[in-house]
Ligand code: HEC
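Take a look at this single chain, the form predicted on its own, given in structure tokens.
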């Protein structure tokens, strides 16, 4: 080797970026983005709390970090995005480069571990802290090893003799691997009918979520005498087991400045043709009052490909949430750093793309025409929002926020707020409440599509 070549090599080595050390560069990234789940007792299947943990799984971690699978975060946000999310789990380009440089190096230098963040320790049973009250299903639910299961609906009395303000809640299944989702509704005192919870959506457990903590100015109201109705959807996975889901509640010390409400915007008329790789669906609604949107949680099944939420004023549409690559396995809530102000009569909409083709690796049957349904092999399109009413006014679903009605089928679907094929007592707001008994011809506390059509025809003749 000539002297000039040797000098050139030394110069290149001297100017090359050094491999970052674990203690000061890598460990802080992992602590921020990974170990909430990847630690002892966490929801992830293995720990990443030490350098040895990371080294043992270096190739796999590098792959999922490189392709964006982990950490799970699917909202698109560029440098000029108008709306930011306070729970953004994504890695910056700089953090991703640092992590990959260490994982893909041969040396993987450790550095001074005294400068690394302290380990989190084992995950607590309750992420919201010790609950003031824990309520559980009245009995265990047997989950069969295979096939499908209908939804399970169980009521749990709260026994509260006065209104309670809830500062935090957490839904905790005991058979997490078999739970597709849990919805919890606050059923008012004296309410009747099998789905009287239509206006009382309270809490939820879905993959990637299951708890909520509000700041000191916000809380959800749980009226005295309420029951909690648990709607549980199980997906058998080859192992028979028993689930007894619980919910933990943390009380606020005083009534909050802002009451938090939750509602879902549904497109229950979706109709996806066989072998369609890019089927589009959507629905738009009108705000009944001034709203302040706190968060969105999209919900679709395995054919869901992308999701977008927007508001529209004077024909100008603004994207509020853009999920370019929806992942059924991670149904996350996207919480705004600054709540979104929405004026009364503003159009709020959701739209989505579904992939019902054989190219979709998780599509259960591309030859099937797919409509709304409860099972994973069916589809849904829901945008759940948490919001508050800064100036008072009607809540979403109380009669002020309705889909743009084009025909009787759409009218029925808008009133069938839980999209189970019938309008239950409590759905559809005040107008339905006044006419419910007249429309419910067989007095079984639900209005079928045939009863609805007959009632509407009779009313039109009378007018």
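Positions refer to the first chain, counted from 1. Remember, predicted model here, so these are calculated numbers, not experimental data.
Form predicted in complex with this ligand: not shown, discussed below.
91 is the sole member of 294, 91, 183, 321 with a non-hydrogen atom lying within 4.5 angstroms of this ligand in the predicted bound form. This chain is displayed alone, yet in the predicted bound form one of 415, 27, 33, 396 has a heavy atom within 4.5 Å of this ligand; that residue is 33. Taking non-hydrogen atoms only, residue 63 approaches this ligand to within 4.5 angstroms in the predicted bound form. Not displayed here, this ligand is kept clear of residue 438 by more than 4.5 Å at the level of heavy atoms in the predicted bound form. Contact check for residue 432: no non-hydrogen atom falls within 4.5 Å of this ligand in the predicted bound form.
Contact annotation: residue 44 falls within 4.5 Å of this ligand in the predicted bound form, judged by heavy atom distances. Stretch-level contact analysis of 83-91, 299-307, 239-247, 388-396 against this ligand in the predicted bound form, using heavy atoms and a 4.5 Å limit, identifies 83-91.
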